[in-house]
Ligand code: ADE
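Presented below, as structure tokens, is a lone chain in the form predicted on its own.
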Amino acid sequence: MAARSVFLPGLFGDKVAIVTGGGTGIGKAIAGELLGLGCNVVIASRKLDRLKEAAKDLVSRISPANPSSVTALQCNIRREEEVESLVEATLKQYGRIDFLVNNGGGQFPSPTEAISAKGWNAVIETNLTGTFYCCKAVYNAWMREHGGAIVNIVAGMWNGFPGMSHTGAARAAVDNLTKSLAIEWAHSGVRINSVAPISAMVCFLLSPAASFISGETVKVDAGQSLYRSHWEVPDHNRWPEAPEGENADTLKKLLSNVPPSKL
């Protein structure tokens, strides 16, 4: 089945994008939509066999009349030299890099007290440091002189991320990195935003329709972050006693009808 999009066919004709983590899941969906819009796409991750399978599947979905192509390149984004080789290979093949989508990442569920130093560092290096390496390499090799657009994929970590504090911390840092780079690189014509995440929003932010949007993190969650929390606090009696006085009396009245698990 050909990839479908709400955007105009050919929107990204003759453009070139790198999508990290493009062999599976959201990354593959983003790569597929970009291809359908005429963009040449380089998908990258550590596992080359999976990338090649994904590339074959993605090509089978686009129209024969679509001239865009997909290239699978192995890259561990935790290693700066591999990221630089990825960028160099992309430029050698296509001669330009218009878009970068930092989707590569990884994490595992664990209580914070059980996360080892090795596990913590692996998640931080993949989700935060890898994103930094990719942004830096693409900027220095191409976008500094030619401009471009970058989208970082983050997660819904606005109210903390219990059970996966390592990725919550890393993704929150990427949100701040996005804002910092949007200011630092504006003079080069580089826009950079983050998405918590869906492929159509990524394509919108890469498109000319978003030409005045930079430094933003867009939540794609149907408004859930405004009215609902995923986290439940077990009932307990360990809240500290507030100092006696008028403020404490008022606070007790306000909280008297709130279940302990919601405090």
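All residue numbers are counted from 1 along the displayed sequence. Quick caveat, the model's predicted, so the values are computed rather than measured.
Below: the form predicted in complex with ligand ADE, not depicted.
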Discussion item. Here blocked means 3 or more ligand atoms within 2.4 Å of a backbone or C-beta atom once ligand ADE is superposed in from its placement in the predicted bound form. Does this form come out open or blocked?
Written reply: open
Discussion item. Tell me which stretch of 186-194, 73-81, 143-151, 161-169 has a heavy atom within 4.5 angstroms of ligand ADE in the predicted bound form.
Written reply: 73-81
Worksheet item: Is every one of G21, R46 and T126 in contact with ligand ADE in the predicted bound form, taking contact as a heavy atom within 4.5 Å?
Response: yes
Worksheet item: What are the residues of 102-120, in order along the chain, with a heavy atom within 4.5 Å of ligand ADE in the predicted bound form?
Response: G104, G105
